[in-house]
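Below, in structure tokens: the form predicted alone, a single chain.
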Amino acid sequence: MKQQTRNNKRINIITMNIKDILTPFTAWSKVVQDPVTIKDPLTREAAPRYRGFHKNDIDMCIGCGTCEDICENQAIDMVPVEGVETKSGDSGLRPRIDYGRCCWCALCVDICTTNSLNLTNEYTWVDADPEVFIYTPGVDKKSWDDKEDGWQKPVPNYHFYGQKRVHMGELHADERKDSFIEFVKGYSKEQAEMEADRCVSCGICTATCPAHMGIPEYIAAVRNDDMEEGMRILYETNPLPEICGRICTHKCEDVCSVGVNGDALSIRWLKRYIADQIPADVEKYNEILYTKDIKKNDKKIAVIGSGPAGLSAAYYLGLLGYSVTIFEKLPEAGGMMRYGIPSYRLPYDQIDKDVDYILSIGVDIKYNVNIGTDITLQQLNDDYDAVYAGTGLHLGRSTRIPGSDHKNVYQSVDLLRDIVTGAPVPVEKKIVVIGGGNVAMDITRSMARLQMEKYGEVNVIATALEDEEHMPADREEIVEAREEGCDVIPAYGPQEVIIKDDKVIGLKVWKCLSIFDETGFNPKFDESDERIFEGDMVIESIGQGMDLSYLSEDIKAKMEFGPRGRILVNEDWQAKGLPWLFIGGDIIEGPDVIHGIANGHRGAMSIDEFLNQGR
């Protein structure tokens, strides 16, 4: 009996398996038949939160692609749309839905960072053409575009990711305002991983970053607690992670898709976290980044300046096997990063950590060498196969208002450099700073610290033409300056340095109504709204200029210059008229560390292509 039962089971299994194999082939009997379309199906109103067809507000949408990434059925493709331009913070793409694949799970709606994508409760769509069921909501107009019912996020602030950024610890103003020690503490492992968990890996940040860093990838490395992989990703596009992790202008955060309905991700601090985890050991760096055995070639490159552009160019040229020598006119490397940014924002040992690794791959730096006097640019051309100049903006600009030539009117770049080198710095009881950018905030806060050391109190006023919303300084710089006792007064323009008995006693300002008109920079003032900011010294911080004294007249005659004497370069960063001279960094695109790093990288690639043409 038992044997018979087992035999019957075996027969059933065999029969079922054969049926399973043959059944799909029966579908071929329908291949020549026309599909049946019921043009007037019986319908009824769906429930208010029924998950029907999609709609998308394409003006709210930024094309981040999180909907595409989360769709397990691959029913969503991001496609270009006519009339939608690619710009900072917007990929220019919009989601296209394939209803042959969609299962109406609504994950795309739940993950949407801008709340632009929703599902209506409309579920009836009749058409004999299957191609129409692949469509782009918000672009291909449908009858349900104006319907309010359907699936939306359960509550307005319902998200798959945290909306509040993990707080970065820092010293209280009372603890930091009399000291130049670094006041931002950095993330712990737990904090970094919590913050990394907020990332939706959309890549909008990468497109905005001048260096196009692999931001979602290195944030994933933080999430996975793989610091070595994080370092490898950082160094693909940025050889100054300790520096950039502290002072990058982080425009990537301005376009972070998570920041549309919450706090933007702390991208800069996560970059710093990765860099901080690797010990200051060049052997360890070489091991992680596989730079122990670089194959050298027989070509030599000269780099002028050891700022972000020069260091970046030198690093990537070194990886390509070139013998690279940096010529630096100051005693230590870093350019304006060391001699223009206070140590409370960027400790100099962190600059050294980045620089030491670059030197470890074979790059050489010759300090206290002034190109133009100690060695000419033409000599560099004679002795090297190519020259890269990233000389930065080391000269201050004057307002040229009456009284600005007084001996107690100073340039911020000069004072910041003196603070670093230990040269005597004048510190009066009352100080007025003219300017609203980051450098202006740096000198404002630095002088406040020196006042605290000397007098035990802060009395610094910083004033700018721009209103507070449009001041070019990072918002945190303004807030922190005020926390430290500085008075930041926006929307006033300097008119005269007031001098009495050959002493500076203050700055006369008028209310600024506008800064630009159709002709360009042309401030307009309300003369009736006049104020006097008392001060024993005035510091100008309205911009920085180029020191191009290393260019001889015969070299200049071969080059081309644009507005304000800016050197013109071609798309390969070659100076127009001098194919052996490549130029990048602040003197080309203005003061910004991450732009300088990107320029240096691209310049290195262009030099490599220039020297190997026709190989």
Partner chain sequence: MKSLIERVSTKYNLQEVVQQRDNLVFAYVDKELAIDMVTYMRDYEGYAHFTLMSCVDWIEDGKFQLLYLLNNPETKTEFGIKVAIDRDNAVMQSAHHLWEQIWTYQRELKEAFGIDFPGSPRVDEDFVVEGWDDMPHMRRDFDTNKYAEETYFMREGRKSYDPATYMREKLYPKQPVTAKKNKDEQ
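Small disclaimer: the values here were computed from a predicted structure and weren't measured. Residue numbers count along the first chain shown, from 1.
In what follows, reference is made to the form predicted in complex with its partner chain, a form of this protein that is not presented.
S.K.: Please tell me which of D69, D57, E560, D547 lies within 4.5 Å of its partner chain in the model of the complex, judged by heavy atoms.
M.R.: Of the candidates D69, D57, E560, D547, D69 is the one lying within 4.5 Å of its partner chain in the model of the complex.
S.K.: Just one of T237, T249, T399, N118 has a heavy atom within 4.5 angstroms of its partner chain in the model of the complex, so which one?
M.R.: Partner contact (heavy atom, 4.5 Å) among the options: T237.
S.K.: So in the model of the complex, is its partner chain close enough to E131 to count as touching (4.5 Å, heavy atoms)?
M.R.: Yes, E131 is a contact residue.
S.K.: With a cut-off of 4.5 Å between heavy atoms, is I607 one of the residues that contacts its partner chain in the model of the complex?
M.R.: Although its partner chain is absent here, I607 would stay clear of it in the model of the complex, with no heavy atoms inside 4.5 Å.
S.K.: Residue-level question: is A598 within 4.5 Å of its partner chain in the model of the complex, judged on heavy atoms?
M.R.: Close contact exists here: in the model of the complex, A598 approaches its partner chain to within 4.5 Å, heavy atoms only.
S.K.: Given that its partner chain is not shown alongside this chain, does L289 nevertheless sit within 4.5 Å of it in the model of the complex, heavy atom to heavy atom?
M.R.: No, no contact at 4.5 Å.
S.K.: Please pick out the stretch from 514 to 522, 348 to 356, 412 to 420, 74 to 82 that is in contact with its partner chain in the model of the complex, where contact means heavy atoms within 4.5 Å.
M.R.: Answer to the contact question: 74 to 82.
S.K.: Under the 4.5 Å heavy atom criterion, name the residues of 52 to 72 that approach its partner chain in the model of the complex, in sequence order.
M.R.: Counting only heavy atoms within 4.5 Å of its partner chain in the model of the complex, the contacting residues of 52 to 72 are G63, C64, G65, E68, D69.
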